[in-house]
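Just one chain follows, in the form predicted alone, and it is written as C-alpha coordinates.
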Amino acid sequence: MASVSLKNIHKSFGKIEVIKDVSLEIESGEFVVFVGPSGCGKSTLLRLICGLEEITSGVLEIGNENVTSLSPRQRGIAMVFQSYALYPHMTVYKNMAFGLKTAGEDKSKIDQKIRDAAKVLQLDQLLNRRPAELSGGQRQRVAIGRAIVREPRVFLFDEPLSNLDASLRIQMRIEISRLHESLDCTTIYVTHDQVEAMTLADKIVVLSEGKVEQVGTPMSLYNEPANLFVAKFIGAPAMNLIQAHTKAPLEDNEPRYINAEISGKSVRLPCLSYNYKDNQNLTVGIRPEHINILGEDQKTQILEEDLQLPVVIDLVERLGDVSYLYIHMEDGTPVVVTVSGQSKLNIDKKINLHIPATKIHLFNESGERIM
(Lines give C-alpha, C1' and ligand atoms only; values in the text may rest on other atoms or scores of the structure.)
Protein backbone atom coordinates (compact mmCIF):
# COMPACT_ATOMS: atom_id res chain seq x y z
CA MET A 1 0.00 0.00 0.00
CA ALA A 2 1.05 3.59 -0.55
CA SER A 3 0.01 7.16 0.11
CA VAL A 4 -1.43 9.32 -2.69
CA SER A 5 -0.75 13.05 -2.96
CA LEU A 6 -2.47 15.41 -5.39
CA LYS A 7 -0.89 18.86 -5.62
CA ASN A 8 -2.71 21.64 -7.49
CA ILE A 9 -4.18 19.27 -10.07
CA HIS A 10 -5.88 20.85 -13.08
CA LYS A 11 -7.54 19.11 -16.03
CA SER A 12 -8.92 20.83 -19.10
CA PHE A 13 -10.56 19.50 -22.25
CA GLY A 14 -9.82 22.27 -24.69
CA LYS A 15 -11.06 25.49 -23.09
CA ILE A 16 -13.26 23.65 -20.58
CA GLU A 17 -11.65 23.21 -17.16
CA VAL A 18 -13.18 20.19 -15.41
CA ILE A 19 -10.76 19.78 -12.48
CA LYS A 20 -9.86 23.04 -10.76
CA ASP A 21 -6.78 23.19 -8.53
CA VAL A 22 -7.44 20.03 -6.49
CA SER A 23 -5.00 19.26 -3.67
CA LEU A 24 -5.48 16.16 -1.50
CA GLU A 25 -3.45 13.98 0.84
CA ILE A 26 -4.53 10.32 1.08
CA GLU A 27 -2.73 8.35 3.75
CA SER A 28 -1.39 4.85 3.21
CA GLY A 29 -4.11 2.28 3.97
CA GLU A 30 -6.97 4.81 3.97
CA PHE A 31 -10.36 4.16 2.35
CA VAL A 32 -11.22 7.47 0.67
CA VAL A 33 -14.47 8.09 -1.19
CA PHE A 34 -14.98 10.77 -3.84
CA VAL A 35 -18.64 11.77 -3.81
CA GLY A 36 -20.72 14.37 -5.60
CA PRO A 37 -23.46 14.81 -8.21
CA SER A 38 -23.13 13.72 -11.84
CA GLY A 39 -20.66 15.89 -13.72
CA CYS A 40 -18.77 17.10 -10.63
CA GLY A 41 -15.47 15.58 -11.83
CA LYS A 42 -15.08 12.62 -9.48
CA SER A 43 -14.57 9.97 -12.19
CA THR A 44 -12.25 12.30 -14.13
CA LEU A 45 -10.16 12.77 -10.99
CA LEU A 46 -9.95 8.99 -10.56
CA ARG A 47 -8.87 8.57 -14.19
CA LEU A 48 -6.14 11.19 -13.64
CA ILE A 49 -4.83 9.16 -10.69
CA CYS A 50 -5.02 5.99 -12.77
CA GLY A 51 -3.28 7.55 -15.75
CA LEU A 52 -6.14 7.08 -18.22
CA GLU A 53 -6.32 10.86 -18.57
CA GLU A 54 -3.35 13.23 -18.83
CA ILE A 55 -2.97 15.85 -16.09
CA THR A 56 -3.01 19.37 -17.55
CA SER A 57 -0.98 20.79 -14.67
CA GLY A 58 -0.05 19.82 -11.14
CA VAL A 59 1.81 16.94 -9.51
CA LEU A 60 0.60 13.43 -8.60
CA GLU A 61 2.63 11.32 -6.19
CA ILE A 62 2.03 7.69 -5.22
CA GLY A 63 4.18 6.45 -2.36
CA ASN A 64 6.24 9.68 -2.44
CA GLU A 65 7.12 8.98 -6.10
CA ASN A 66 6.22 11.52 -8.77
CA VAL A 67 4.07 9.52 -11.21
CA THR A 68 2.55 12.46 -13.10
CA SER A 69 4.06 11.42 -16.43
CA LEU A 70 4.12 7.63 -15.87
CA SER A 71 1.86 5.20 -17.74
CA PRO A 72 -0.94 3.37 -15.87
CA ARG A 73 1.12 0.17 -15.84
CA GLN A 74 4.02 1.93 -14.10
CA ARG A 75 1.93 3.47 -11.31
CA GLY A 76 1.25 0.29 -9.35
CA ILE A 77 -2.51 0.74 -9.30
CA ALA A 78 -5.47 -1.48 -10.15
CA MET A 79 -8.89 -0.19 -11.19
CA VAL A 80 -12.37 -1.71 -10.97
CA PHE A 81 -14.81 -0.10 -13.40
CA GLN A 82 -18.57 0.41 -13.33
CA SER A 83 -18.77 -2.10 -16.19
CA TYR A 84 -17.39 -5.52 -15.21
CA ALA A 85 -15.41 -5.57 -18.50
CA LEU A 86 -14.93 -9.36 -18.38
CA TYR A 87 -13.95 -11.40 -21.43
CA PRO A 88 -17.14 -13.40 -22.18
CA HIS A 89 -15.32 -16.33 -23.83
CA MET A 90 -12.93 -16.83 -20.88
CA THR A 91 -13.56 -18.63 -17.61
CA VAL A 92 -13.34 -16.81 -14.30
CA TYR A 93 -9.85 -18.26 -13.82
CA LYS A 94 -8.64 -17.05 -17.22
CA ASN A 95 -10.19 -13.61 -16.73
CA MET A 96 -8.28 -13.21 -13.48
CA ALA A 97 -5.07 -14.60 -14.98
CA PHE A 98 -5.06 -12.60 -18.21
CA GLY A 99 -3.26 -9.48 -16.95
CA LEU A 100 -0.62 -11.53 -15.12
CA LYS A 101 0.07 -13.70 -18.17
CA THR A 102 0.42 -10.59 -20.32
CA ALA A 103 2.97 -9.26 -17.81
CA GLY A 104 4.93 -12.53 -18.15
CA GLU A 105 4.53 -13.81 -14.59
CA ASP A 106 5.40 -17.39 -13.69
CA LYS A 107 2.50 -19.87 -14.09
CA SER A 108 2.80 -21.29 -10.59
CA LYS A 109 2.76 -17.80 -9.05
CA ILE A 110 -0.25 -16.87 -11.16
CA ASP A 111 -2.11 -19.96 -10.01
CA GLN A 112 -1.35 -19.28 -6.36
CA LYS A 113 -2.45 -15.64 -6.59
CA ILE A 114 -5.73 -16.55 -8.31
CA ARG A 115 -6.60 -19.25 -5.80
CA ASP A 116 -5.77 -16.98 -2.86
CA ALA A 117 -7.92 -14.17 -4.28
CA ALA A 118 -10.75 -16.58 -5.16
CA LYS A 119 -10.80 -17.83 -1.58
CA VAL A 120 -11.05 -14.30 -0.19
CA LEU A 121 -13.87 -13.45 -2.63
CA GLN A 122 -15.66 -16.82 -2.32
CA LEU A 123 -15.09 -17.60 -5.99
CA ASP A 124 -13.27 -20.92 -5.49
CA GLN A 125 -16.22 -22.96 -6.81
CA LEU A 126 -16.76 -20.65 -9.80
CA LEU A 127 -13.31 -20.58 -11.41
CA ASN A 128 -14.37 -22.74 -14.37
CA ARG A 129 -17.54 -20.79 -15.17
CA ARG A 130 -17.88 -18.12 -17.83
CA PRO A 131 -19.30 -14.63 -17.09
CA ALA A 132 -22.68 -15.48 -18.63
CA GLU A 133 -23.12 -18.17 -15.96
CA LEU A 134 -22.61 -15.70 -13.09
CA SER A 135 -24.86 -13.28 -11.25
CA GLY A 136 -24.16 -9.55 -11.27
CA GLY A 137 -22.59 -9.70 -7.81
CA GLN A 138 -20.38 -12.63 -8.79
CA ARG A 139 -19.20 -10.81 -11.93
CA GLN A 140 -18.28 -7.79 -9.86
CA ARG A 141 -16.31 -10.00 -7.48
CA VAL A 142 -14.41 -11.43 -10.47
CA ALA A 143 -13.57 -7.87 -11.57
CA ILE A 144 -12.33 -7.13 -8.04
CA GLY A 145 -10.37 -10.41 -8.01
CA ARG A 146 -8.68 -9.47 -11.27
CA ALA A 147 -7.49 -6.29 -9.50
CA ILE A 148 -6.39 -8.10 -6.32
CA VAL A 149 -4.07 -10.57 -8.09
CA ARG A 150 -2.03 -7.67 -9.44
CA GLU A 151 -1.09 -6.79 -5.83
CA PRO A 152 -1.37 -3.04 -6.47
CA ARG A 153 -0.19 -0.24 -4.22
CA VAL A 154 -3.56 1.50 -4.64
CA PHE A 155 -7.06 0.20 -5.49
CA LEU A 156 -9.34 2.44 -7.55
CA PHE A 157 -13.11 1.80 -7.77
CA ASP A 158 -15.25 3.76 -10.26
CA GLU A 159 -18.92 3.37 -9.20
CA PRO A 160 -18.58 -0.43 -9.08
CA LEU A 161 -22.04 -1.10 -7.60
CA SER A 162 -24.25 1.13 -9.74
CA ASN A 163 -25.29 -1.76 -12.02
CA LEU A 164 -26.52 -3.91 -9.12
CA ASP A 165 -29.95 -3.99 -7.52
CA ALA A 166 -30.50 -2.60 -4.01
CA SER A 167 -30.01 -5.83 -2.04
CA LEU A 168 -26.85 -6.76 -3.96
CA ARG A 169 -25.41 -3.29 -3.41
CA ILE A 170 -25.75 -3.72 0.35
CA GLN A 171 -24.11 -7.16 0.18
CA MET A 172 -21.26 -5.89 -1.99
CA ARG A 173 -20.68 -2.88 0.30
CA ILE A 174 -20.13 -5.32 3.16
CA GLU A 175 -17.76 -7.43 1.04
CA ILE A 176 -15.73 -4.44 -0.17
CA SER A 177 -15.43 -3.15 3.41
CA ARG A 178 -14.24 -6.56 4.64
CA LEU A 179 -11.85 -6.83 1.70
CA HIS A 180 -10.28 -3.47 2.54
CA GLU A 181 -9.80 -4.54 6.15
CA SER A 182 -8.18 -7.85 5.17
CA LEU A 183 -5.90 -6.44 2.45
CA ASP A 184 -5.11 -3.19 4.29
CA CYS A 185 -4.62 -1.48 0.92
CA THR A 186 -5.04 2.19 0.05
CA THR A 187 -8.43 2.49 -1.65
CA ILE A 188 -10.01 5.34 -3.59
CA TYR A 189 -13.69 4.82 -4.38
CA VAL A 190 -15.98 6.95 -6.56
CA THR A 191 -19.75 7.05 -6.09
CA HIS A 192 -22.68 9.43 -6.42
CA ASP A 193 -24.45 7.51 -3.63
CA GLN A 194 -23.83 9.30 -0.34
CA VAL A 195 -25.09 6.25 1.62
CA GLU A 196 -22.21 4.23 0.11
CA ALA A 197 -19.82 7.04 0.97
CA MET A 198 -20.99 7.28 4.60
CA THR A 199 -20.89 3.47 4.98
CA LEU A 200 -17.48 2.72 3.48
CA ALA A 201 -15.23 5.73 3.91
CA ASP A 202 -12.53 6.56 6.42
CA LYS A 203 -12.51 9.94 4.70
CA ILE A 204 -14.93 11.56 2.23
CA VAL A 205 -14.02 14.10 -0.44
CA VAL A 206 -17.09 16.09 -1.55
CA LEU A 207 -16.71 17.48 -5.07
CA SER A 208 -18.74 20.06 -6.98
CA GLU A 209 -17.99 21.47 -10.44
CA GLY A 210 -14.41 20.20 -10.36
CA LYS A 211 -13.58 21.66 -6.93
CA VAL A 212 -13.22 20.13 -3.48
CA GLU A 213 -15.96 21.47 -1.22
CA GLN A 214 -14.93 19.64 1.96
CA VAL A 215 -12.77 16.74 3.15
CA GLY A 216 -13.40 14.87 6.39
CA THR A 217 -14.72 11.80 8.15
CA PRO A 218 -18.34 10.85 7.38
CA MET A 219 -19.64 12.15 10.71
CA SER A 220 -17.61 15.38 10.62
CA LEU A 221 -19.21 16.21 7.27
CA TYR A 222 -22.63 15.30 8.65
CA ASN A 223 -22.26 17.26 11.88
CA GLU A 224 -20.23 20.21 10.59
CA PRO A 225 -20.86 20.83 6.88
CA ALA A 226 -18.58 23.59 5.60
CA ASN A 227 -21.19 25.11 3.31
CA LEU A 228 -24.71 24.78 1.93
CA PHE A 229 -23.64 22.40 -0.84
CA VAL A 230 -22.26 19.85 1.62
CA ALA A 231 -25.20 20.40 3.99
CA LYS A 232 -27.67 19.55 1.21
CA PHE A 233 -25.67 16.66 -0.24
CA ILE A 234 -24.73 14.73 2.91
CA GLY A 235 -27.67 13.19 4.75
CA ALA A 236 -30.85 11.38 3.74
CA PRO A 237 -33.33 13.00 3.98
CA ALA A 238 -31.34 16.15 3.29
CA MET A 239 -30.88 18.93 5.81
CA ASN A 240 -33.79 21.40 5.95
CA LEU A 241 -32.79 24.90 4.83
CA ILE A 242 -34.87 27.85 6.03
CA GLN A 243 -34.30 31.45 4.98
CA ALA A 244 -33.81 34.07 7.68
CA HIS A 245 -33.29 37.85 7.57
CA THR A 246 -31.27 39.72 10.17
CA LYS A 247 -32.84 42.57 12.12
CA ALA A 248 -31.47 45.17 14.54
CA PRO A 249 -28.53 43.82 16.58
CA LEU A 250 -29.10 42.58 20.12
CA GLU A 251 -27.68 44.39 23.13
CA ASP A 252 -23.98 44.00 23.88
CA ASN A 253 -24.71 41.61 26.72
CA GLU A 254 -26.20 39.09 24.27
CA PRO A 255 -23.25 38.41 21.91
CA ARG A 256 -24.19 34.77 21.40
CA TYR A 257 -27.34 35.48 19.40
CA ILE A 258 -28.46 37.10 16.16
CA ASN A 259 -31.80 38.88 15.91
CA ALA A 260 -33.62 37.61 12.83
CA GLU A 261 -36.96 36.98 11.17
CA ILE A 262 -38.16 33.62 9.83
CA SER A 263 -41.46 33.37 7.96
CA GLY A 264 -42.59 36.67 9.49
CA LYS A 265 -41.71 35.54 13.03
CA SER A 266 -39.04 37.27 15.16
CA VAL A 267 -36.43 34.81 16.49
CA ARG A 268 -32.99 34.76 18.08
CA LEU A 269 -30.46 32.60 16.25
CA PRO A 270 -27.55 31.16 18.24
CA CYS A 271 -24.11 32.25 17.07
CA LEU A 272 -20.89 32.43 19.08
CA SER A 273 -19.31 35.16 17.01
CA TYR A 274 -20.62 36.87 13.89
CA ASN A 275 -20.57 40.49 12.79
CA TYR A 276 -23.74 41.23 10.87
CA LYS A 277 -25.84 44.11 9.62
CA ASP A 278 -29.57 44.64 9.23
CA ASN A 279 -31.37 42.91 6.36
CA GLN A 280 -28.73 40.31 5.63
CA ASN A 281 -29.90 36.96 4.33
CA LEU A 282 -28.92 33.92 6.38
CA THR A 283 -29.84 30.26 6.01
CA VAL A 284 -30.85 28.14 8.99
CA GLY A 285 -30.08 24.44 8.61
CA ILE A 286 -31.66 21.70 10.70
CA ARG A 287 -31.57 17.91 10.26
CA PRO A 288 -35.00 16.22 10.02
CA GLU A 289 -34.29 14.03 13.06
CA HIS A 290 -33.47 17.06 15.24
CA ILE A 291 -36.94 18.62 14.95
CA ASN A 292 -39.58 17.89 17.59
CA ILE A 293 -43.36 18.05 17.18
CA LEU A 294 -44.90 19.90 20.12
CA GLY A 295 -47.53 17.72 21.75
CA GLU A 296 -46.11 14.49 20.29
CA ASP A 297 -43.35 14.16 22.89
CA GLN A 298 -44.30 15.27 26.38
CA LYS A 299 -40.62 15.13 27.45
CA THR A 300 -39.56 17.94 25.12
CA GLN A 301 -37.79 20.68 27.05
CA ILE A 302 -38.15 24.11 25.45
CA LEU A 303 -35.52 26.73 26.13
CA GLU A 304 -35.92 30.45 25.52
CA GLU A 305 -33.48 30.43 22.60
CA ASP A 306 -35.17 27.48 20.81
CA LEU A 307 -37.32 28.07 17.72
CA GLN A 308 -41.05 27.32 17.51
CA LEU A 309 -42.67 27.48 14.08
CA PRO A 310 -46.27 26.72 12.96
CA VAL A 311 -46.55 24.39 9.93
CA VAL A 312 -49.05 22.25 7.99
CA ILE A 313 -48.51 18.58 7.03
CA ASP A 314 -48.64 17.88 3.28
CA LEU A 315 -47.67 14.19 3.23
CA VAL A 316 -46.84 11.40 5.66
CA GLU A 317 -44.42 8.78 4.31
CA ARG A 318 -44.69 5.72 6.56
CA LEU A 319 -41.71 3.34 6.42
CA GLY A 320 -42.47 1.16 9.43
CA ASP A 321 -39.83 2.06 12.03
CA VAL A 322 -39.91 5.75 11.09
CA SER A 323 -42.17 8.14 9.21
CA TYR A 324 -41.22 11.25 7.27
CA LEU A 325 -43.48 14.28 7.51
CA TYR A 326 -43.41 16.58 4.47
CA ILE A 327 -44.71 19.90 5.68
CA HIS A 328 -44.68 23.60 4.78
CA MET A 329 -44.23 26.75 6.80
CA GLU A 330 -46.51 29.80 6.57
CA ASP A 331 -44.36 31.31 3.80
CA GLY A 332 -44.41 28.03 1.83
CA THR A 333 -40.91 26.82 2.79
CA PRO A 334 -40.87 22.98 2.66
CA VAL A 335 -39.57 21.08 5.69
CA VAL A 336 -39.06 17.35 6.32
CA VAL A 337 -39.33 15.92 9.84
CA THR A 338 -38.43 12.42 11.02
CA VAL A 339 -40.89 10.99 13.57
CA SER A 340 -41.63 7.60 15.08
CA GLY A 341 -43.29 5.07 12.78
CA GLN A 342 -46.08 4.85 15.36
CA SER A 343 -46.98 8.54 14.99
CA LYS A 344 -50.68 9.11 14.19
CA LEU A 345 -50.18 12.48 12.49
CA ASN A 346 -51.94 12.88 9.13
CA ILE A 347 -52.04 15.29 6.19
CA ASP A 348 -53.55 18.79 6.50
CA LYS A 349 -52.99 18.81 10.25
CA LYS A 350 -51.60 22.06 11.69
CA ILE A 351 -48.76 21.47 14.12
CA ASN A 352 -45.95 23.42 15.83
CA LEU A 353 -42.29 22.56 15.34
CA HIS A 354 -39.75 22.82 18.11
CA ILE A 355 -36.17 23.35 16.85
CA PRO A 356 -33.50 23.19 19.59
CA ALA A 357 -31.01 26.04 19.26
CA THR A 358 -28.14 23.61 19.92
CA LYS A 359 -28.97 21.68 16.73
CA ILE A 360 -29.09 24.67 14.37
CA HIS A 361 -26.55 25.18 11.58
CA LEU A 362 -26.17 28.74 10.32
CA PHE A 363 -24.89 29.80 6.88
CA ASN A 364 -24.06 33.29 5.62
CA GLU A 365 -25.10 34.94 2.33
CA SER A 366 -22.22 33.24 0.50
CA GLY A 367 -23.39 29.83 1.70
CA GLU A 368 -20.45 29.32 4.10
CA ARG A 369 -21.07 27.90 7.55
CA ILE A 370 -20.93 30.40 10.40
CA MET A 371 -18.89 28.87 13.19
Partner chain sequence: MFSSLFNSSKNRGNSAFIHLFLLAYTLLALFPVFLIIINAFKTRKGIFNDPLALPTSATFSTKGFEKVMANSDFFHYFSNSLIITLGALFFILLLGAMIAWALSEYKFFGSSFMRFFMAIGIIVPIRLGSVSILETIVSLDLVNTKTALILVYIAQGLPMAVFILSEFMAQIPKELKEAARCDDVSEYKIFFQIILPLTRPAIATVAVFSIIPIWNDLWFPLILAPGEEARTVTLGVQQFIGQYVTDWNSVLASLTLAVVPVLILYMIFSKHIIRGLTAGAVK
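Residue numbers count along the first chain shown, from 1. If you're wondering where the values come from, they're calculated on a predicted model, not measured in any experiment.
There is another form of the same protein, the form predicted together with the partner chain; it is not shown, and what comes next is about it.
Within 4.5 Å of some heavy atom of the partner chain in the predicted complex lies at least one heavy atom of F81. Looking at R141, you'd find every heavy atom of it more than 4.5 angstroms from the partner chain in the predicted complex. Although the partner is absent here, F229 sits far enough away that none of its heavy atoms falls within 4.5 Å of the partner chain in the predicted complex. The closest non-hydrogen atom of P88 lies within 4.5 Å of the partner chain in the predicted complex. Proximity to the partner chain in the predicted complex holds for all of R73, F98 and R150, with the criterion being a heavy atom within 4.5 Å. Residue-level contacts in the predicted complex: of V312, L52, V59, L303, one residue has a heavy atom within 4.5 Å of the partner chain, and it is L52. In terms of contact with the partner chain in the predicted complex, the residue from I77, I293, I114, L207 that brings a heavy atom within 4.5 Å is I77. Heavy atoms within 4.5 Å of the partner chain in the predicted complex are found in exactly one of 44-52, 28-36, 315-323, 330-338, that being 44-52.
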